[in-house]
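Only one chain is given next, in C-alpha cells, and it is the form predicted alone.
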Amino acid sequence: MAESIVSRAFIVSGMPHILLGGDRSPGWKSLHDSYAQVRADLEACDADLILYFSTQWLSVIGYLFQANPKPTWTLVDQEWHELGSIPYEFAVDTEFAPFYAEEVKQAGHHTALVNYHGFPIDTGTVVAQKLLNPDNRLPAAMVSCNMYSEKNEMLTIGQAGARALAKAGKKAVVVLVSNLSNRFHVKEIDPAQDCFSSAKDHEWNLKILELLGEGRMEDVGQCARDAAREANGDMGFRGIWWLNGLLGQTNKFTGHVYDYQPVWGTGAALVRLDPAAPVLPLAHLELESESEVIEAATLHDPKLKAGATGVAGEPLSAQPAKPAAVSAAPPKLVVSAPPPKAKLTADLINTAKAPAPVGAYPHARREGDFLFLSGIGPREAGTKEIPGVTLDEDGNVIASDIVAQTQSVIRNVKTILEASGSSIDKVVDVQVFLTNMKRDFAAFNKVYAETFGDIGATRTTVEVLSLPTPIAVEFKVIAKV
C-alpha cells in the first residue's frame, strides 16, 4: 500500500486574541488552553513538515510561496495592535516550496517564491506557529490565499499541494488557519462578555462542526458555499476547499472538535482530521456541480431558530459554547447524495442537475472571466415537467403560473452557475423573455426582485411571440466566474 502524504490535518483559528489575550476572556483562554492539546497531537505525528494555508495571507495575482529559510520579524497586527507584539522566527522547508510552486504553475496559475528579509508573515500563520510549533520542531511551508479564487480553483491548488508532497517525497501535517464565521462585533465590547455576533452564524458553525467531528470533509466542501453565504464564512470558506482538494475529496476521516468559542464575535474552532486511509495525490481535478446539499428541513429546525435556546440551554445570541456544545448534542444534518458531475469540454459546460438543452448548445460557455448561459426555462432536470404549466391531452397550455415558472427558472440558473464555478451573486446581466408582458410582468418582476434585488445586475425584458417549449418565461444570463 502506498504511504500517505498526510499524517494529520488540523483546522485552527489564527486570531491573535488566543495567543495574547487569554486573561481577558474565558472563551479566548479556553482556546489557548485547548491549543496545548492540539500541539501535543501534532507533535505525535510522523511528518517531515507543516504545510500552512492561512486565509489571512492574501494574494491578488496567483499564489505566493514562502522560500526564505529563516523568516524573522516582530509582528504587530494592524487590526489588533493593542494586544501587543509577537516576535517570530520560522524554519522554512525551502526544498518543498519550488515543488509546490511548479505544480500550481502547471495548473495554469501565476506563482512566485518569496525570499527576502522583512516580507511579512500573516498573523494567522504566526499565531498558529507560536502555539503549535514554537521551537520549529518541524520545518514549515506556506502558500497564499488568492482572494479572488473560487471553489474549483481552490480544489486545484489543494490537489497541486498533494502532488508536490508526493514528488518531493514529503509527508506533511496540514494546518488550515481559518475561522468559521467571520462576522465581527462592530462596537467595542467587554472581552469577558464576548459572544457570537450572530445567532445564525452560530447555527451554521455547529452544522459545519458536526460534519467535521464525523470526519465528513467532502460533505463540508459541498455545503461550504451555503455556509459561507449564510454565516459570513472566513474568506468565503476558500480554505475548506483547499483542504478538501489536498485531502482527496473524500469523507474517509475520523474527526475531533477540541474547542469552539467566540473571538470578537467570530466563530473560532480547533479541529483534527485523521485519515482513515492513505491520502494520495490525484492526477487531476474533477469539477463538480455545487448545488445545495443541506436539506431545507434542517435549515428550518425549530431548535435552531434565532432566539431559541442553544444546545446547552442558553440563548444562542449569548451562548459562548464550550466544546461540549459541539459534541454533546449538536443539531442533526441531513445531507443528500453527491450531485452529478458537471461535464466540461474545453470551456463548454453542461450539468445533469439542469434541464437538458433542446438544441445543439451547452448550458454555459466560459470566455475569460465571464460565463455566458444559454437561454434557460423552468423545465425540471431529467423530466419533461414544467412547474406552473398545465397541458391538455393535445399538449396545449390550459393554465400558466408565472410565479412558479419564474422561481423554477431562477433555480435552474443557480444550478448552472454553481456547476460552472460561479454563483447567483456574480450575475452581471439578465435578458428576460416573456410571452405575455401585460399578463405576467408584475408577478414575474416581484419574484425576480426577491433574488436579484440586491445583486445589481442589469436587465432587459422583452415580449416574444413564443418560446421553443410551452413556457412563458426564459432567462439569458451573463455572470463572472
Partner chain sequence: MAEGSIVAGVLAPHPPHLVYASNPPQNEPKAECGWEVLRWGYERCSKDILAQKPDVFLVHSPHWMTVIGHHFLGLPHFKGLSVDPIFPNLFRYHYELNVDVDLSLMIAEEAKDLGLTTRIMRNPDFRIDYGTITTCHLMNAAWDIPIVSISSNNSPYYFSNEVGQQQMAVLGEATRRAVEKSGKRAVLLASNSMSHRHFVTEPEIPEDMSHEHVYHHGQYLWDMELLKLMKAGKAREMLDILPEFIEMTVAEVKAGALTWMLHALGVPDYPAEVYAYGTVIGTGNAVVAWHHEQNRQEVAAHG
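Small disclaimer: the values here were computed from a predicted structure and weren't measured. Numbering follows the first chain given and starts at 1. Think of the rigid core as the biggest set of C-alphas that the two forms share within 1.5 Å after superposition.
Here the subject shifts to the form predicted together with the partner chain, a form of this protein not shown in this document.
**Student:** Can you check 255 to 263, 217 to 225, 114 to 122, 172 to 180 and let me know which stretch has heavy atoms within 4.5 Å of the partner chain in the predicted bound form?
**Tutor:** Stretch 114 to 122 is the one.
**Student:** To verify the annotation, which of these, 43, 33, 450, 429, has a non-hydrogen atom within 4.5 Å of the partner chain in the predicted bound form?
**Tutor:** Filtering the options by heavy-atom distance leaves 450.
**Student:** Report the residue, out of 68, 59, 412, 435, that has at least one non-hydrogen atom within 4.5 angstroms of the partner chain in the predicted bound form.
**Tutor:** It is 59.
**Student:** Give a yes/no on whether residue 85 approaches the partner chain to within 4.5 Å in the predicted bound form, heavy atoms considered.
**Tutor:** Looking in the predicted bound form, residue contacts with the partner chain include residue 85, since a heavy atom lies within 4.5 Å.
**Student:** Is residue 77 near the partner chain? Define near as a heavy atom within 4.5 Å, in the predicted bound form.
**Tutor:** Because a heavy atom of residue 77 falls inside 4.5 Å of the partner chain in the predicted bound form, the answer is yes.
**Student:** Since only the chain is shown here, I'm wondering whether residue 47 would be in contact with the partner chain in the predicted bound form (any heavy atom pair within 4.5 Å).
**Tutor:** Judged by the heavy-atom cut-off of 4.5 Å, residue 47 is well away from the partner chain in the predicted bound form.
**Student:** Does residue 372 make contact with the partner chain in the predicted bound form, using a 4.5 Å heavy atom cut-off?
**Tutor:** Residue 372: no contact with the partner chain in the predicted bound form.
**Student:** Output the sequence-ordered list of residues from 174 to 188 with at least one heavy atom within 4.5 Å of the partner chain in the predicted bound form.
**Tutor:** Heavy-atom contacts to the partner chain in the predicted bound form: 182, 183, 184, 185, 186, 187, 188.
**Student:** Would you say residue 407 moves its Cα by 2 Å or more between the shown form and the other one, aligning on the core?
**Tutor:** Yes, because once the rigid core is superposed, the C-alpha of residue 407 moves 2 Å or more between the shown form and the other one.
**Student:** Residue 423: CA shift of at least 2 Å between the shown form and the other one after core fit?
**Tutor:** Where the cores coincide, residue 423 still shows a C-alpha shift between the shown form and the other one that is 2 Å or more.
**Student:** Classify residue 70 as shifted (yes) or not shifted (no) between the shown form and the other one, where shifted means its C-alpha moves by 2 Å or more with the rigid core superposed.
**Tutor:** After core superposition, the C-alpha of residue 70 moves less than 2 Å between the shown form and the other one.
**Student:** Any idea whether residue 109 and residue 414 get closer or farther by CA distance in the predicted bound form, knowing it moves 3 angstroms or more?
**Tutor:** Residues converge in the predicted bound form, at least 3 Å closer.
**Student:** So the C-alpha spacing of residue 183 and residue 450 changes by 3 Å or more in the predicted bound form; is that change toward closer or farther than shown?
**Tutor:** Their C-alpha distance grows by at least 3 Å in the predicted bound form.
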